[in-house]
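Before any questions on how it binds or moves, here is one chain, the form predicted alone, in structure tokens.
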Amino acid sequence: MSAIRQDPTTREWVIVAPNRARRPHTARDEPAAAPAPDAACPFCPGNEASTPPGLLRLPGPGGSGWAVRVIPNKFGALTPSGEPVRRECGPLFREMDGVGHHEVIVETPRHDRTMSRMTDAEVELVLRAYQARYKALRADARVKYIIIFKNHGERAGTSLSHPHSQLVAAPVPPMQTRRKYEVATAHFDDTGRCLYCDLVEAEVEAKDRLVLETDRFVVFQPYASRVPFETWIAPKRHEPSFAQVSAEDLVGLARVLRRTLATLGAVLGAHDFNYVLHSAPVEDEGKRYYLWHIQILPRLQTIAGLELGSGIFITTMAPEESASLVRDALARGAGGR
């Protein structure tokens, strides 16, 4: 029987309907497919002149070459020039300059080195680059919201297969973020506690959606997952902003993120996915309403009319079942140690 569950962080409803599809996974120990080499790839070493000048470069082993590069997106949705001044274009129409920053984090010089195949140290460098650029861009007074995300595979929206992530720093927070913040603020007003910290504690206590727990982080599949195998990574320590994560915790986060992606690859086989690093709006980083977290969204089913028209998502597998499959794969060592 299907069920309709409410997401405690947004108050939105999700339909869990296992009868709408066969189980959307192939249980085999196979990691996500790596991209085939491409000599013309602008992100590969030797082709740096094909991209805009770099913003950050983390050196490779022994200081030779580079391990991670950050560059402006050549086809960015936002540009650094302009001012976020709103203009009235009629009684109901308003616009402003498309000011902001859109950057690409080239995660590795290796064209076929997907994050699940990296070492923990290599993933840590990627996270260090994320945090360095986050801190640099929040110093721009025009920036109100920063989002870091990764598109892996064509169905997830990637246009270049070389492993990379993106960062967008915008002059306005999106309505989805505003909604989540409103719900979190209401919870804090009612209880005096952070909604997301309470959610992490509740998932640890419930156990049936828990995937992995370390001394610093919790990995779980949320109660009202929007897609099959949706997975969150959240800190146990209250930190509204990703900028607040310590260097020590970045080391632990790198291990947890790599193991989670590798294990999802082992359970699902080659699959496309998105992940998003959520952090508090820049002006609210000091408040106690929010908790930064990483949301992983495998692209196993097509988003269709109901989702686009109503905002109500249908998932074809309950998170209790999918979390059990991922836990079993972890126990077999599918994601490494």
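Please read all numbers here as calculations on a predicted model, not as lab measurements. The term rigid core refers to the most C-alpha atoms you can superpose between the two forms while keeping them within 1.5 Å. Residue indices: 1-based, along the sequence shown.
Beyond what is shown, the protein has a form predicted in complex with a further copy of the same chain; the following relates to that form.
- Among heavy atoms of Ser310, some come within 4.5 Å of a further copy of the same chain in the predicted complex.
- a further copy of the same chain is not drawn, but in the predicted complex it has a heavy atom within 4.5 Å of Gln176.
- By the criterion of a heavy atom within 4.5 Å, Leu250 is excluded from the residues contacting a further copy of the same chain in the predicted complex.
- a further copy of the same chain is not drawn, but in the predicted complex it has no heavy atom within 4.5 Å of Ala329.
- With the partner left out here, a further copy of the same chain still marks one of 239 to 247, 257 to 265, 112 to 120, 91 to 99 in the predicted complex; by a 4.5 Å heavy atom cut-off that stretch is 91 to 99.
- Three-residue candidate spot Ser50, Arg69 and Thr108; no residue lies within 4.5 angstroms of a further copy of the same chain in the predicted complex by any non-hydrogen atom.
- The contact with a further copy of the same chain in the predicted complex, taken as any heavy atom within 4.5 Å, belongs to Val183 out of Val183, Ala132, Leu160, Leu212.
- For the residues Leu55, Leu297, Cys44, Val282, the 4.5 Å heavy atom test against a further copy of the same chain in the predicted complex is passed only by Leu297.
- Residues Gly309, Ser310, Gly311, Ile312, Phe313, Ile314, Thr315, Thr316, Met317, Ala318, Pro319, Glu320 are the ones in 309 to 323 with at least one heavy atom within 4.5 Å of a further copy of the same chain in the predicted complex, listed in sequence order.
- Thr9 shows a C-alpha shift of 2 Å or greater between the shown form and the other one [criterion: core-superposed Cα displacement of 2 Å].
- Relative to this form, the distance between the C-alpha atoms of Leu325 and Pro8 is increased by at least 3 angstroms in the predicted complex.
- In comparison with the shown form, the Cα-Cα distance of Ser310 and Thr9 decreases by at least 3 angstroms in the predicted complex.
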